[in-house]
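We begin with a single chain expressed as structure tokens, specifically the form predicted alone.
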Amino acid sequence: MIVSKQKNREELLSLLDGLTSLFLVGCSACATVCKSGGEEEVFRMEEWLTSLGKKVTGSVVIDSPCNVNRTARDLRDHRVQVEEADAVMVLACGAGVHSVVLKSGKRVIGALDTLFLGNTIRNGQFGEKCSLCGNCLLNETGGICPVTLCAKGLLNGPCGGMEEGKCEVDRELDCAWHLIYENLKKQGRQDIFTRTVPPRTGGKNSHPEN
């Protein structure tokens, strides 16, 4: 799930300068779970914008606005309201914002900050377990990502600062490589520690993927 949060109102105010009317787009998937862009949050945003003297021409909560075709369809269903607005405010992740940019033909304001790809731990609590780096080591590391969970992003085992399974950067955190070792030990697969993962080049990446 893509974890996001709403931008602070001060930043949103600066983005609204010169605009008198807006159409709102929410997300019924990730942003709803994060309570950053579901039906309730779209309603609260409409209330706030109205209190500022802005006109909200309409709104729609799209089922996964990262889906370009679905976004195009739902915006067509609200074409008159979208055309009437000076801009479209999107309460969704960056992918949702991009879909609206492609299909609305309007100025688009992203109302959220996209934080990370997360696991839902419990209602309202999320954990970052993947950095979307495009070079997955999970098959070798027992399903635990050292790029994300190691504070130093080490690819070849723990640093010298690990103590009693805890990270030297924050003693409240488990050392990612300690977790990897314990997991692989249960599976009888500690042979990974006899191999070396080559360093990343840090050169030009291959994004975007199409």
Partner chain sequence: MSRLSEQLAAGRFVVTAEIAPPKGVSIDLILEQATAMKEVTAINVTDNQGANMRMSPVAVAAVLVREGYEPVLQLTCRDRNRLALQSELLGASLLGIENLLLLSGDHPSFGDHPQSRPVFDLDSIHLLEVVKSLRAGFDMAGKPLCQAPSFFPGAAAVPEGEPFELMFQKYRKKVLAGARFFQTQAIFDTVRLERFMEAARLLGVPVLAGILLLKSARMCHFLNDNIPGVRVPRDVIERMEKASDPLEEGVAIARELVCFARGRCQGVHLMTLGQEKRIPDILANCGKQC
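By rigid core we mean the largest C-alpha set that fits within 1.5 Å across both forms. Just so we're clear, the structure is a prediction, and the values are computed from it rather than from any experiment. Positions refer to the first chain, counted from 1.
The same protein also exists as the form predicted in complex with its partner chain; that form is not shown, yet it is the one meant from here on.
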Which of 164-172, 44-52, 28-36, 140-148 lies within 4.5 Å of its partner chain in the predicted bound form, heavy atoms considered? The stretch 164-172
**Request:** Could you confirm whether Asn156 comes within 4.5 Å of its partner chain in the predicted bound form, counting heavy atoms only?
**Result:** yes
So, Thr196 and its partner chain: in the predicted bound form, are they within 4.5 Å at any heavy atom pair? yes
query = So in the predicted bound form, does any heavy atom of Leu12 sit within 4.5 Å of its partner chain?
reply = no
query: Can His178 be called a contact residue for its partner chain in the predicted bound form at 4.5 Å between heavy atoms?
result: yes
After a rigid core superposition, would you say the CA of Gly18 moves by 2 angstroms or more between the shown form and the other one, or not?
no
Quiz item: Under a superposition restricted to the rigid core, does Arg9 display a Cα displacement of 2 angstroms or more between the shown form and the other one?
Solution: no
